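Form predicted on its own, single chain, as structure tokens, below.
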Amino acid sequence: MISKNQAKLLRSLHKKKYRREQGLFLVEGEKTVLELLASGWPLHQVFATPDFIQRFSADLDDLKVVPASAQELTQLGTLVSNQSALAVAIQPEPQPVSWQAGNWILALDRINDPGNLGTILRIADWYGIQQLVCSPGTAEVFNPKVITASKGSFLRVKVSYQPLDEFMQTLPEGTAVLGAYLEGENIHDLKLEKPGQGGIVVMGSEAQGIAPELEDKITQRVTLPGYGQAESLNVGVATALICDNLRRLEGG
């Protein structure tokens, strides 16, 4: 059974203020908790149903797991239903993102919806992009909705927060910086100046687009051709399509 103090901790981690103060965050659900355990990520505590503990005793190893009912996990977590496990994980120390030739980095400008950020983490993981750099106005990566939507990809994709104009100033001269705009070069016709060298893809929010102060840092504006009447695409969908085309252009 979960104690009152443990329950208080779990409820507090629903809020960004307390996640920051305590340096902890929630990971929920069977599959994602198992990925977390296998990754070696530092843990504060694990809560699990007796059924989960019995089925995955080898994965839990020497961890002191607090037995809990599915009802407790659901009430104290953020999922609509949790029949298995909930982990309290330790936030890593912030590390700056640095670009290296041959790699692509996604730069997210004011993507403030947690579900979109989680989806983009999953997309980056799928296309082999290992780093995201986010503007301060972008959703917090340790928000439970981000963690859930990422389906474990937060374990493999490094996320950094800093003003994007400052990040752009650290890039070597000649680095390709693609910006997603409604008006830009058709991604299907895009020719990379230095194939295989990688670069940066800047994605803005659906409502605001890319901030004006970043425009002079963009080396190529790209767009996804539309054939119907929709005004715009969800940023997660647009990110996936652009990443897919970049891998196609590079023969990946």
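Residues carry their position along the shown sequence, with the first being 1. This one's a predicted model, so the numbers in the text were calculated from it and none came from an experiment.
Quick note: we don't show the form predicted together with another copy of the chain, though the next part is all about it.
Engineer: Choose one stretch from 223-231, 53-61, 196-204, 40-48: the one whose residues place a heavy atom within 4.5 angstroms of another copy of the chain in the predicted complex.
Structural biologist: Looking at the partner contacts, the answer comes out as 223-231.
Engineer: At the 4.5 Å heavy atom threshold, is residue 142 in contact with another copy of the chain in the predicted complex?
Structural biologist: Close contact is absent here: in the predicted complex, residue 142 is far from another copy of the chain, nothing within 4.5 Å, heavy atoms only.
Engineer: Is it the case that residue 119, even though its partner is missing from this view, gets within 4.5 Å of another copy of the chain in the predicted complex, heavy atoms only?
Structural biologist: Contact check for residue 119: yes, within 4.5 Å of another copy of the chain in the predicted complex.
Engineer: Heavy atoms within 4.5 Å of another copy of the chain in the predicted complex: does residue 153 have any?
Structural biologist: Flag for residue 153 set to yes.
Engineer: Do residue 128 and another copy of the chain share at least one heavy atom pair within 4.5 Å in the predicted complex?
Structural biologist: So residue 128 counts as contacting another copy of the chain.
Engineer: Are all three of 9, 12 and 15 close to another copy of the chain in the predicted complex, meaning a heavy atom of each within 4.5 Å?
Structural biologist: Not a single listed residue reaches another copy of the chain in the predicted complex, so no.
Engineer: Give, in sequence order, every residue of 177-191 that has a heavy atom within 4.5 Å of another copy of the chain in the predicted complex, or say none if there are no such residues.
Structural biologist: Going through 177-191 in order - heavy atoms within 4.5 Å of another copy of the chain in the predicted complex - the hits are 187, 188.
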